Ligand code: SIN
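What follows is one chain in structure tokens, specifically the form predicted on its own.
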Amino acid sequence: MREAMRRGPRYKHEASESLPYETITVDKLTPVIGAEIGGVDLGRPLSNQQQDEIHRALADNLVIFFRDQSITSEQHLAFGRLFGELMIHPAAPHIEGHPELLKIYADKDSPRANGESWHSDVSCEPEPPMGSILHIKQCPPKGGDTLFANMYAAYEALSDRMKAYLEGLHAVHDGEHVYRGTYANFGVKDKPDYPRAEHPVVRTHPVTGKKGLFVNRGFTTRIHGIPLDESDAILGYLFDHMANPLFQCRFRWQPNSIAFWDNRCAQHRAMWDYWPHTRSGARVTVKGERPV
């Protein structure tokens, strides 16, 4: 075990064999995850080929970024709908008049910021979201980066014995401890209950066919079918393992930047290292399917 740790993860990124991009530019942040997309204005209607190439860039890179996108709430929603039906968050506040547009805001008076631990958005839903599209309008002068991690890479770096152990196991994802009381500072009242679901520990992506880990520190509480102490130990190991920096990229926000990530194969963590400054924007979330 210690020798394997010294050698590092066994994941090797395979270069994409997809066709070249013709209507957008794709500049990778790392070989493992993340790319900045250029040559597109999301405030204008996209051609079918641009839409297809953005889909492909997301599948190739798990999270894609757009700079200098001064879009309205309506344009933000329209871009999200190109990828599917939008969902309404079960707990968080929304932009007035747009229930599908989740409000992102933290300043000197905030008790917390959104997404401070590693997670996949709303994985407690029976059908967790396919993707999230975050538009940040106001940034702190320093800090406020978001980290993203590749769950294909985290799975591939596991030993064959661990892969065999995890195969067929399911875990509980619970929103109760995440959401209750969390948005009181926004004036949001708690609901009687919050979503709870069970999902495979190892998930097969419906588009790429690749396997990836689908447990996260934010929502996953236990693995079914094994003793509780064993579940705690295995989840603790997986949470630490998937946070390995070798699986990650780090995005530095600028005003009017957009990040679009695939929740089915990527996790993210927002850094709240900018107090007392303000960070604000909005997010749309695209509905997904039941994990298999």
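Don't overthink the numbering: it's just position in the shown sequence, from 1. Being a predicted model, the structure only gives us computed values, none of them experimental.
If you look for the form predicted in complex with succinic acid (SIN), you will not find it shown, but the lines that follow are about it.
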### Summary
From Gly175, Gly80, Pro129, Gly115: within 4.5 Å of succinic acid (SIN) in the model of the complex by heavy atoms is Gly115
### Message
Thr220 versus succinic acid (SIN), in the model of the complex: is there a non-hydrogen atom within 4.5 Å?
### Response
no
### Query
Is the gap between Ala154 and succinic acid (SIN) in the model of the complex 4.5 Å or less for some heavy atom pair?
no
### Query
Heavy atom to heavy atom, is His119 within 4.5 Å of succinic acid (SIN) in the model of the complex?
yes
### Message
Residue-level question: is Phe260 within 4.5 Å of succinic acid (SIN) in the model of the complex, judged on heavy atoms?
### Response
no
### Query
Only one of 30-38, 226-234, 49-57, 263-271 gets a heavy atom within 4.5 Å of succinic acid (SIN) in the model of the complex; which is it?
263-271
### Residues of 144-171 having any heavy atom within 4.5 Å of succinic acid (SIN) in the model of the complex, listed in sequence order
Thr146
